[in-house]
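Next up is one chain by itself, shown in structure tokens, the form predicted on its own.
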Amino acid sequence: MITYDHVTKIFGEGQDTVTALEDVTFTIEKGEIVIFLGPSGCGKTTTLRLTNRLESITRGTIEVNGKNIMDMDTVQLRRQMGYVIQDIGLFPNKTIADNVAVVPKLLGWPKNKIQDRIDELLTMVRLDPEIYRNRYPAELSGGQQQRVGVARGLAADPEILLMDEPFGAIDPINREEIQDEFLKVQEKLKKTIAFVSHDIHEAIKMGDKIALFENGRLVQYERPEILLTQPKNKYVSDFVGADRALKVLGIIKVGEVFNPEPQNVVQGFEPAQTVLNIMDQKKEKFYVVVDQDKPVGYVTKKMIKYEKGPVSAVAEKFPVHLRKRTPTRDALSYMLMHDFQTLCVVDEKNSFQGTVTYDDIQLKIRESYAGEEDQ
């Protein structure tokens, strides 16, 4: 989708030159969010600005859908790329609707199509059009203004979205919320996104891949879990931090580690004494009780030892149910908080999907780090 081929950017002339980017090569695939990560002055924002020709390339090429951007009309190139920046840049004298409509108006969209698009996007970023459409930027909070900035970037339905630290100026609580909302939007839209950040936590949460820069060079380009578990060198290791294992837990979802066919599951109508015999035979201490595909709770041998009725009569509810998209970090936290080593995984309808255990999570972490031992 976007290919950077030996891209170099040098500012200045003669002896007063600064190499901002040197021989950078990588590709962003269609539908991916790629985070350009690194400290100030490392070349990440320069790379972004070269992509829509806000800066000119000194050497190398950038291609979009197989076309060299230097062979494309600059205005047309920029109009097919949404652009969202940290300072937002909303026009203070225009309403929210007019701010969102800037590019569609330039493209000559019909008025009714523009109005429909404004309402669609404001709804998507959780700003009620009836309430916010005719307000001005000064009447909105910083987080709300940033949502408008995202809506404006998406207004013309571009294939590509360029984002330069878009949530950097927002307080941590609102930043977490808008990141979650943006990822939900991305699940539906599948845009190709180049996203500048200096925050490793944001990068591993938002990115399908991370391009880590240092002094104008691309040091490592990998999926977040590979960057964390198999850092290329000391710079990468130091940048991602000593708590890499905890960060990995935030990336890996329960759906990647859970057991969809656990053996320690029993139907709620089974007689308690029958279940007790099974537990004795299989040397199991813990059984999940399911009724009509819904998890009822759990039982131990001690709980059913004297029970004469169905096992569901004495089953105790789990303190929490997990979803496949739940981070394993949260699953592990629940296990430690409630002193459980096994929890149920359910779908949106609360139907039983399987179980996840402490050992399942531990095994996944070991597998993630397996490649590091060979380096």
Partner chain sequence: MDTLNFIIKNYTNVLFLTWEHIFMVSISLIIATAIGVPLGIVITKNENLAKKVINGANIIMTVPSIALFGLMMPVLALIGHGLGKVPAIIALILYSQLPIIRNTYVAIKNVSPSMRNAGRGMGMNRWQLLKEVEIPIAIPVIVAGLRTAAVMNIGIAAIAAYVGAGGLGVYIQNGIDRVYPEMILAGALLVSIFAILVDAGMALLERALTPTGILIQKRLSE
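Computed from a predicted structure; not experimentally measured. Positions refer to the first chain, counted from 1.
The same protein also has a form predicted together with the partner chain, omitted here; what follows describes it.
- Query: Taking R49, R78 and E139 together, does each of them reach the partner chain in the predicted complex with some heavy atom inside 4.5 Å?
  - Reply: The answer is yes; R49, R78 and E139 each reach the partner chain.
- Listed residue (M206, V103, V275, A97) with a non-hydrogen atom within 4.5 angstroms of the partner chain in the predicted complex: By the 4.5 Å criterion, the partner-contacting residue is V103.
- Message: I need to confirm a contact call. Of P260, G108, P172, P92, which residue comes within 4.5 Å of the partner chain in the predicted complex, counting heavy atoms only?
- Response: Partner contact (heavy atom, 4.5 Å) among the options: P92.
- Message: Under a 4.5 Å heavy atom criterion, is R152 part of the interface with the partner chain in the predicted complex?
- Response: Judged by the heavy-atom cut-off of 4.5 Å, R152 is in contact with the partner chain in the predicted complex.
- Message: Does any part of L54 reach within 4.5 Å of the partner chain in the predicted complex? Heavy atoms only, please.
- Response: L54 belongs to the contact set for the partner chain.
- Within a 4.5 Å heavy atom cut-off, is I178 in contact with the partner chain in the predicted complex? Looking in the predicted complex, residue contacts with the partner chain do not include I178, since no heavy atom lies within 4.5 Å.
- Using 4.5 Å between non-hydrogen atoms, is I85 touching the partner chain in the predicted complex? Flag for I85 set to yes.
- Task: Spot the stretch among 287-295, 261-269, 198-206, 131-139 with residues whose non-hydrogen atoms come within 4.5 Å of the partner chain in the predicted complex.
- Result: Single hit among the candidates: 131-139.
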